[in-house]
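Next up: just one chain, as structure tokens, the form predicted on its own.
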Amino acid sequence: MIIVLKPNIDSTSSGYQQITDYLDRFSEVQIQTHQVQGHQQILTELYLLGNTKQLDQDEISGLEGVDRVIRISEEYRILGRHQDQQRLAGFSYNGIDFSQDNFHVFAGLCAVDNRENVATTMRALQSHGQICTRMGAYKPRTNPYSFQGHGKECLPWVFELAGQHGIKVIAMEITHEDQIIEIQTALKETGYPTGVMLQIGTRNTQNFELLKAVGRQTELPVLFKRGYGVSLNESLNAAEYLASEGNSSVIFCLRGMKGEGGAPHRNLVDFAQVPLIKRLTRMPVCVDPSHSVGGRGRAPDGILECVHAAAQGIVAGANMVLVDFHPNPSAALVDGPQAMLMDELPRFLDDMAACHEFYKSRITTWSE
């Protein structure tokens, strides 16, 4: 059961005290409190665990401070939608709104290689009005002898360059909980010139101890990638680990499923599940065409297959696209063959914006 409190009700209010006094009568019910930063106000939700069947929903609804009460009808207790269309879907971070209604592009380097390429990429993004990017400092690799990323050593100058070029949010993968502290420390020491969205890569989808550690901090939002070899349900339950520890500012990313069924693409593109995830959960949904397609193949119509895949996800309602660009892909230290060229950036951005506008027109058509 979920109790949604009225806006800006907090633990110091009489309404909150009345609710907790009522719930204290039921020893088999535990309370978890979660706060969600909306566009203009903080919303508090109380998650009741244990034997909630003994609770009277109408009686709780009548308590001071209660907006409404929701019976949990499916999994994903915190991130699930639970057939309640009024629940806040999304969050705000560093002045940017992320929801199931808007759209952002995170174009950038899969792995940070040198200062010059980072500066070139951010300069190009700024010139085209972009305020988000992806920059990999920590890179899990299949081959232990492959480049693993520059780690914490590159964080200060990456963050400073982001601030100089108006980048508000950087999606950055982490592989160990110590890297959370490294990122937070670098942000503080550089004066918070930008923000970071922690990325959970597909290899760590079921690294539950890492998920718990990321979930315990609520300063930085999370981009959670679907596991490439597990079911959607397993991945959604894994994302719930983040929220169960306190961080519900989560974006769910589809990045293709591992298997020969997608060959010759790197993975089997799974973007048809964008609307399904939006129906089951409150999370904004991201698509990653670069790691799904894994190459620069070009269709007979002249459009890159990666761009076609991104368009499919956005027309289906995706709220974010994570895509690889590089000033010199042939010299990239990670995933160069799938990176797009910087001179392709304006066409890509225009195409994605047009796809999102078309998606909005589809909503109008089907609402008539």
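For every residue, the number given is its place in the sequence shown, counted from 1. Please read all numbers here as calculations on a predicted model, not as lab measurements.
From this point on, the text means the form predicted together with phosphoenolpyruvate (PEP), which you will not see here.
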{"query": "Candidate stretches 155-163, 286-294, 180-188, 268-276, one within 4.5 Å of phosphoenolpyruvate (PEP) in the predicted complex by heavy atom", "finding": "286-294"}
{"query": "Among the candidates Arg282, Lys139, His104, Lys168, the residue which, in the predicted complex, approaches phosphoenolpyruvate (PEP) to within 4.5 Å (heavy atoms)", "finding": "Lys139"}
{"query": "The single option of Ile78, Leu242, Cys110, Leu125 touching phosphoenolpyruvate (PEP) in the predicted complex, heavy atom within 4.5 Å", "finding": "Cys110"}
{"query": "Phosphoenolpyruvate (PEP) contact in the predicted complex: Ala310, any heavy atom under 4.5 Å", "finding": "no"}
{"query": "In the predicted complex, Arg203 touching phosphoenolpyruvate (PEP) (heavy atom, 4.5 Å)", "finding": "yes"}
{"query": "Contact test in the predicted complex: Ser248 vs phosphoenolpyruvate (PEP), heavy atoms, 4.5 Å", "finding": "no"}
{"query": "In the predicted complex, Ile314 touching phosphoenolpyruvate (PEP) (heavy atom, 4.5 Å)", "finding": "no"}
{"query": "Those residues of 242-256 which, in the predicted complex, come within 4.5 Å of phosphoenolpyruvate (PEP) by heavy atom", "finding": "Arg255"}
